[in-house]
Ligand code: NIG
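First comes one chain, alone, set out as structure tokens in the form predicted alone.
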């Protein structure tokens, strides 16, 4: 497995003080993942400061307790702003070319996602555009999408391949994601490309011709276990081979049907199973007893008019729950985690605090980064979102609002485009 990529090189300011903040908010404690009542436990410091040193959080406290710092300190005025941890998007498909706006219009007129997929639309239409883009085009696309995510407060992100489904484009996609600063996941089993007669024939090719090099570029592997894509036996074959090459395991599961994804995820000790719109009570109980995280994607359910995943039941049962955008051109053209937090509060019945922890600490856990991402606490990376609001809960409350005033990456002010 490729090691997590180093953070993009940035000249570090020795110390940055963000002063006079209305609030500094962070998930409580230092453990991960957070479950049950712990998911909604956050620390709120009012009238606060945040001190960053050499790219990490050095201290958080009340302004009246700010010590004499001495020496050179760059200061940033935080009056009227709230500081939260940089948001972590642990499930995106940000490496794609083209769009599917025509398909969107057809679906708005009554065509189902599965009908469009069966007619040669859906994933395969994006495969054609992505293959035609070339490696430079893919890097340009990923960089543009990464800028959109940053503007919405996402500082750490994952992206999957899976829109190439040939050797050259899959590897180029993984390189583009890595070079743009993302955590790369090889979604080698996303769909069956038209040049192969069956899922098994395609898997023969992918595992023999693509996996060895993909494992040098990616951190994880993913499979779309669903009717019309890959079944549980095929998914097991794919994931077992990827595990043997050192990749962490992820699954798309229970999006439209219950086809064995949760049981397989638990059997193979996967990091996560994602979607879960079709998950029933048995799946909730199984996940609650496991170490597999449930990654919920409410923007996708909304976009496709699907039932929402059983978030409240999962949290109350004690499952590890994370939130992500599922940003992709066909079923969730949305790069905004603040919007996802609003959907979590209004549609999934999560509290604003639970939503914040689900897209910071728990999402970082899914990516294997919870030891340094997802909290504003001493020693954690100084990735900070400054909200233009008097109360941090506007993150969920302000539906689709222009909330993000600024972002710090490793203690440096990022340019938002």
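Everything quoted here is computed from the prediction, not taken from an experiment. Residue numbers count along the first chain shown, from 1.
Omitted here: the form predicted in complex with the ligand. The next part is about that form.
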Could you tell me if residue 186 has a non-hydrogen atom within 4.5 Å of the ligand in the predicted bound form? no
Point to revise | Partner proximity in the predicted bound form: residue 123 to the ligand, non-hydrogen atom cutoff 4.5 Å | key: yes
| query | Can residue 272 be called a contact residue for the ligand in the predicted bound form at 4.5 Å between heavy atoms? | reply | no
Notebook entry, point to check: Even though the ligand is not shown here, does residue 326 get within 4.5 Å of it in the predicted bound form, heavy atoms only?
Noted result: yes
In contact with the ligand in the predicted bound form (heavy atoms, 4.5 Å), from 202-210, 311-319, 85-93, 170-178, is stretch 85-93
Please state whether all three residues 100, 190 and 331 have a non-hydrogen atom within 4.5 angstroms of the ligand in the predicted bound form.
yes
With the partner omitted here, the residue among 293, 255, 154, 130 that in the predicted bound form has a heavy atom within 4.5 Å of the ligand is 255
Across 392-417, the residues having a non-hydrogen atom within 4.5 Å of the ligand in the predicted bound form turn out to be none
